[in-house]
Structures are given as C-alpha cells and as structure tokens.
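Quick heads-up: the structure tokens below are two forms of one chain, split into structure 1 and structure 2.
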Structure 1
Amino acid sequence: MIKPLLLGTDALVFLLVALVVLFAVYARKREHLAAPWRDVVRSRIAVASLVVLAAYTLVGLMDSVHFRKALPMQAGQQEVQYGGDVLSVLDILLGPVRTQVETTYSAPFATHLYAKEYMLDEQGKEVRGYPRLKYGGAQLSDPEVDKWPDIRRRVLLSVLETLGVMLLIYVLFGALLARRWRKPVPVALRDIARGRCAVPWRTALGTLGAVVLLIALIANMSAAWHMLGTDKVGQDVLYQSIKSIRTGLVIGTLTTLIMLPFAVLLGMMAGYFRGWVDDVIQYLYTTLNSIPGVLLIAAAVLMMQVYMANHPEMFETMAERADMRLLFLCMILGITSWTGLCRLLRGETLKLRELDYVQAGSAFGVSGFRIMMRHLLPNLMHLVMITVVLDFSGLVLAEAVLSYVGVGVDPTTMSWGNMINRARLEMAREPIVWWSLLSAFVFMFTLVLSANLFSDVVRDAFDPRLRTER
C-alpha cells in the first residue's frame, strides 16, 4: 500500500510542465514565436545541450512524484499507518544506489573502507585495518585479483547495451523521419548519419547515446559498486548527486515561475499607465533592488527559520518541512530577482505604447487591461523568454552559494550546495576525500554549462541585435 503525497514544490513543478506544454501549443501557431525556436533547434550546440537538459528534467520529474509507504500492519490495528520517510519514483528506480549504505567513507570503486577500524581477523583477534565493504565489490572472493576484470566486464556490457539501444532508436527514428520527409527509410538513415537535415539529428542522437551509456553504466555498476564512493555516513555519493538534480532544477525554474507574474504585470502597468502608477512601481523595485540580494535572502530565511521552529505542528513529515523551506527559498529568490525583468519590460512597454496599433486600440475604447493582454504582452514575450532562460543557470549557481552561507535549502535536502559545504571539511581531512566535491562539480557543471550554451543560442535567436558572434 502506498499513499501518494503532493508536496508544494511538486504541485508547482507539474503546473510549470503544464504551462510549458500550453505555451508550446500557443507558440506553434504564432510565427514570431515559432520561428526563433526553429532557429534554435537548427544549432548543433543547442540540440546537444537540449538533450542533456531533457535528461536532467526527466530525472527531476521522476523525483517529483512522491509517496509514503505503508508500515506493516500490527495485530489489532484498524487503520493503515504510513512511514515517515517520503520516497519518490526515482528512489525506487535507483534501488540499490539508495539502499546499499556502508558505514563511512569509501573511495569510488573501493572494496574496503577508507578509514581504519577495529575488526576481527581470521584467528578472531582484534586488529586495526580497513574492513571490507558491505556492498561495494562484495560479490568478489578475492578483490585484489577480480576487481578490474569485474569492472571491465560491466563496462563492456554497458557499451554493448548502449550500442544495441541506440541502434534501435536510430532505426525507429529514421523510419519516423522517413515518413515525414517522404523518403525511403535507408535514404533517411543516411541523411541523418551524414548530417544532411535541417535539425542536427546526428548530434542529438550522439548526445542521447552518451546519456544512455551513463544510464547503462549506473544500472550495471550500482548493484555491486559505489561508482562515486560513499560519504561520511556511508551513503552513495552518486545517489546524492542524482537526488540533488531536482533541488537545482526546482530553484532554477520555480523561482522564475513565481516572479514572472509580478514582473510582467507590474512592468507592463508601469510602462502603460505611467504617472503615479509608474512612480509607485519604480519606487518599489528601486527599494527592493537596493537591498543587497544575499542579505535580503539571509534575513528572510532566518526569519522563516524562527517561524518554522515556533510552529512545528504545521508539518507532518520532515520532507514536508524541508520542502516548505525550498519553496520559500524560491519565493525569496523570486522577490529579489524580478526587478531586472520588470525594468526591462517597463522600458519596452514605454516604447510600444506609442505605436499606432496600440493608439488605435485605445482610440476605439479598448480597456487598458485588454490592450496589455492582447497587444503588449505578445510583443514582450521574447524578452520574457530570454530572461527565463538566462536566469536559470545563475539561480542554480546561487543555490550552492546560499546553502554554503547557511541560508539555502534545508540541511536534510540533498543539494549540490550542501554537498560542497560538507566537502569543504573533507578536503581538510588527511587523506583527503575528494569524490563528493568532484561529483557535485561534474553534475552541476554539466547542468549549468548546457543551460548557458542553450541560453546563448536562445538569446541570439530571439534578439539578433545582441548576437555575440559577428
């Protein structure tokens, strides 16, 4: 028996997905929005980073379907009791990566612990040494000899599986495109392989191949090895890194989702109505803007901590509490980051409102609100889109810094910021523990780099004036 649980951020994540789908349907029919996106997907860089971003998003979405497992029924119990720990679909898929917990640090692909402990040798005497891991390489009888052959076998298996899967995807995809292009299947396959199509499908499939290989490696290795080692309490670092994806994505996207209505509405109102409305809105964002961002966030999060400490009855589980904090952090980040977009939209609206079609609209007696929605908003959409995409990577990076300062996500939430924070002490340890930091680095860098590359292409497509390459 399971009981589904919709956390606050889950609800917003799914709302966001719905909005994106709706927007895609809306933009399909509008040439001024659809054409730049067609340019975007013609760029090889954009397509490759889009595949990476999609992989991250998929992980994040799977991690957003939460539920609680029922506890075993006690004798004489009437109602089903549910466990306190909240699981997600991703947890189930990751299976062994989540459950195989060692006692403390172990290096990537290690068979023994990283720290010396007292243990019993063959004669039953107590000695100090590196004990074998409970799970990492436990299937081997003699780790010295069998370790590398075992790893090699698993890598080879993963490569073969990937090749098989990718070949299947390639053929299926070719068949699909062949129908659309009205060409024979072999011709379509050849065109894809030689890159002779408008959208660089070859790059997309290549990147997808890399992602599939990674998934195959995780699937084949995780049952027997800790690919990225374990942390202080023996938890798999790979599990933490993957679980952190959702936190990063939530901060990067929900912050924008929360601030967008304010920024768009206030920006348009200030530009359209001018006069005292403009003064008030300008005063509002100047004031908010003049408070140093980190300090405002710090102050707000501190206050929220006090509030939550004094109202523990609001949260049934730890996860709900941590989730509330995450959501709140998104809100605060939103409050500090809407000013830039608002100012931009105000300036643009000031220009647009003087144009003939807007003037004609108001001459016909169309109400201000209607003019803003029907005539101004569609012409501001590109600015909104550029900002949304550009802000994303900055927000993901901000999460790490804020968590380090101590005003970020809850310490129990898995996030790259928390991993880096802990890694700081591990780097001072002798011998150093480097794998936590490295995995946080790799996962975060991949996400932020692909977001940066993608946003560059998006910006160039929507605003050719800002094109960086000339």
Structure 2
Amino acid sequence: MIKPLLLGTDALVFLLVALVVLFAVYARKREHLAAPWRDVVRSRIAVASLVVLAAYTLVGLMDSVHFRKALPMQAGQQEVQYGGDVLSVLDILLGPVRTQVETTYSAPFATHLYAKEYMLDEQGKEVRGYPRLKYGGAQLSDPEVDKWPDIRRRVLLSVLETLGVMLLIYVLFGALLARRWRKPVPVALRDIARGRCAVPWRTALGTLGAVVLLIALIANMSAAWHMLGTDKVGQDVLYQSIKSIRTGLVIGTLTTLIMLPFAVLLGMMAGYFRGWVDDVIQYLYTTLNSIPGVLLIAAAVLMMQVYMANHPEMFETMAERADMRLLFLCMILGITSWTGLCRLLRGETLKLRELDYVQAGSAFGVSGFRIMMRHLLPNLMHLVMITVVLDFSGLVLAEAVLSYVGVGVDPTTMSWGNMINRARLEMAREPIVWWSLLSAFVFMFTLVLSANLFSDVVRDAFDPRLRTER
C-alpha cells in the first residue's frame, strides 16, 4: 500500500507541462507560430538536442511522482502508518542503483574499496588491505580474471538489446510515416535511412539510439557494478547524478515560469507607454540590479531556514522540508533574474512602437494592451525564446554555484551543486576521489549544451528579420 504525496514543486512541474501542451495546441492552429517551429524541427542540431532534452525531461517527470510506502502492520494496530522515506517512480525503476550501498568510496567498476581498511585474512589475522565490495562485482569468483569478460559481456548484451529496440522503433515509425506520406513502407524506410525527409528523422533516431544504449547499459550494469563508483557513505554516484536531473530542471523551468510574466509585461509597458510608467519600471529594475544578487539570495534563503526551523510542525517528512526550500529558491531566483530580459524588451519595444502598423493601430483607437499582445509580442517572441533558454542554462549553473557556497538547495536534496560541493574535499584527499565531480560535470554539461544548441536554432527561427531574408 502506498500514499501519494504531492510536493509543491511537483504541482508546478505538471502545471508547466500542461501549459506547454496547451501552447503547442494553440500554436498548431496559428501559422505565424507554427511556421517557426517547423523551421526548428528541420534542423539536425535542434532535433538531436530536443531528443536529449526530452530524455532529461522524462527523467525529471518520473522523479516528480512521489509516494510513501506503508509500514508493516503490528499486532493490534488499527491504522496504517506510512514510512518517512519519500520515493518516486524513478526510484522504483532504478532499483539496485538506489539500494546497493557500500561502506565508503569505491572507484567506477571497482571490485574493492578505494581506501585501505583493517580486515581479517585467511588465517584470521588482522591486516590492512582493500576489502571486497558487498555489491560491486560480487558475482565474480575471481575478480582479477573475470572482471573484464563480465563487463564486455554486459556491454555486448546492451548493444544487442539496443539494436533490437531501435530496429522495432525504426520499422514502426517508418510504417507510421508511410501511412502519413501515402507511400509503401519500404520506400518510407529508405527515405528515412538516406535522410531524404524534410524533418531529419535519421538524426532523431540516431540520437534516440544513443539514449536507449545508455539506458540498456545502466539496466545491465547497475545490478552488478557501480558504473560511476560510490561516495563517502557508499551511495552510488550514478544514482545521485540521475536524481539531480529533477533539481536542475526545476531550478531552470520554475524560475523561468516565475520570471517571465514580470519581464514580458513590464518590459513592453515601459517601452510602449513611456513617460511615468517607463520611469517607475526603470527605477524598479535599476534598484533591484543594484543589490548584489548572491547576498540577496543568501539573506532570503537564510530567513527561510530560520522560519522552517521554528515551525517544524509544517513538514511531515524531510522531503517536504527540502522541497519547500527548493521552491523558495526558485521564487527568489525568479524575482532577481527578470531585470535583464525586461530591459532588453523595453529597448526593442521603443523601436517597434514607431513602426507604421503600430502607429496606425493607435490612431484607430485600438487599446494599448491589445496592440502589445497582437503586434508587439509576436515581434518580441524571438528575444523571449532565446533569453528563456539561455536563462535556463544559466540557472542550472547558478544552482551549482549557490550550493557550492552553501545557500542553494537543502543538503539532503540531490543536486549537481551539492555533488560539486562535496567533491572539493574529495579532490583534496589522497588518493583523489575524482568520479563524483566528473559525473556531475558530464550530466550538467550535456543538459546545458543541448539547451544552448537548441536555443540558437530557436532564435534563428523566431527572428522576423532572418525569416524575411530567407
């Protein structure tokens, strides 16, 4: 028996997904919005980046469905009690990666601990050595002989599984496109393989194949090996890196959701109405920019910590407490990060308001709000889109920096920032523990790089001047 648990960030994440779906339905029926997106999906870089971003998003959504398991019933117990551990669908899918915990550090694909400890030898004498891991390579009778053959066998199995899955996807997808194009299935499959489609489906399927191969490797390796090693308390680093995806996505998306209405509305109002409205908005964002951002965030987070410490009855589990801090961090980052986009939109609106069609609308008595929504916003959309995606990348990196200085997410929350923060001590020890830092860097780098590449294509597609030139 389980008890569903809806955290604050969970609700906002699914609200954001609903808004994206509604926007997609809305844009599909309007050519001025649908045409740029068609240009986006014709780019190989954009399609490959979109597949990677979709994989990250899927992981984040699975990690946003939380629940608590019921405790075993005791004799005479009437009411069901639930455990304090908050799990997610992703935790269940990861299975062994979450539950197989060692005693301390172990290197990637290691069979023994990374540091020497006192242990008993075959004669019962106490000696210092490298003990065998409880889970990593436990299936091997002779690690020195069997280790690499076992790894090669699992890699080969993962490759074969990936080929089988991708062949099935390729055939089914080809059949679907053949029905849409009204062509024979072999012709559609050949067109996809040779890259003769308007949308680069070959690139999409190739990127998806790489993602499926990674999933297969994790599924086949995680039960027997720690692919990225373990940390100081023996927890799998791969598990921490995957669980940190949700934190990065929440910081990037929810902060943008909070920031966007302020930036767009105030920026257009300042540029269109000018006068005292412009003066007030300029004063507001100039004053906010004058306050050191890190100090403002630190003060707000510390005040929130004091409030939570004085009201422990508000939080039934540690996960709810950590989630409240994460949500508050998103809010304060959103409040402090809207000024740049607002200033940019103000300057562009000052130029657009002088164009003939805007002046004509004003002369015919069209309301200022309708002019902003109907004529100004579509011509500002390319700036909004590129800024939003670039801000997403910056916010993911900002979380790492804030957690590093101790004012980021809760220490119990798995995030790349917390991993980097712990790695600074691990890099100073002898021998160096390097895999935690490298793992956080690779996962964060992949997400930020994909977002940046995708944003470049979106910027080109939504820029009205570039569309006119084409």
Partner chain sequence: MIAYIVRRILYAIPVLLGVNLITFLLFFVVNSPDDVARMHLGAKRVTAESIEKWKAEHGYDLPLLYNSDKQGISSVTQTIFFDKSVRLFVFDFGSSDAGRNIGADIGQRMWPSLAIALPQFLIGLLVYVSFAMLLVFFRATYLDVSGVVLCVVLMSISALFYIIGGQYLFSKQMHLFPISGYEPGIQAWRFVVLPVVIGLISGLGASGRIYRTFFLEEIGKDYVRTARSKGVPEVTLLFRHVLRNAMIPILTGVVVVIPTLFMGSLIMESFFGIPGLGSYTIDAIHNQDFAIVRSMVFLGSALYILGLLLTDISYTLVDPRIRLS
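Only a predicted model underlies this, so the values are computations on that prediction, with no experimental measurement involved. We call the rigid core whatever largest set of C-alpha positions still superposes within 1.5 Å between the two forms. Along the sequence of structure 1, residues get numbers from 1 upward.
I need to confirm something. Of structure 1 and structure 2, which is the form predicted together with the partner chain?
Pick structure 1 here.
So, superposing on the core, is the move of Phe273 at the CA at least 2 angstroms between structure 1 and structure 2?
Yes, the C-alpha position differs by at least 2 Å between structure 1 and structure 2.
Establish whether a shift of 2 Å or more occurs at the C-alpha of Pro186 between structure 1 and structure 2, with the two forms superposed on the rigid core.
No, because once the rigid core is superposed, the C-alpha of Pro186 moves less than 2 Å between structure 1 and structure 2.
Does Arg152 show a Cα shift reaching 2 Å between structure 1 and structure 2 after rigid-core superposition?
Comparing the forms between structure 1 and structure 2, which are aligned on their rigid core, Arg152 does not shift its C-alpha by 2 Å or more.
Shift in Å of the Val384 Cα between structure 1 and structure 2 [rigid core superposition]:
Comparing between structure 1 and structure 2 after core fitting, Val384 shifts 3.5 Å at its C-alpha.
So with the rigid core superposed, the C-alpha of Glu348 shifts by how many Å between structure 1 and structure 2?
That residue's C-alpha is offset by 5.1 Å.
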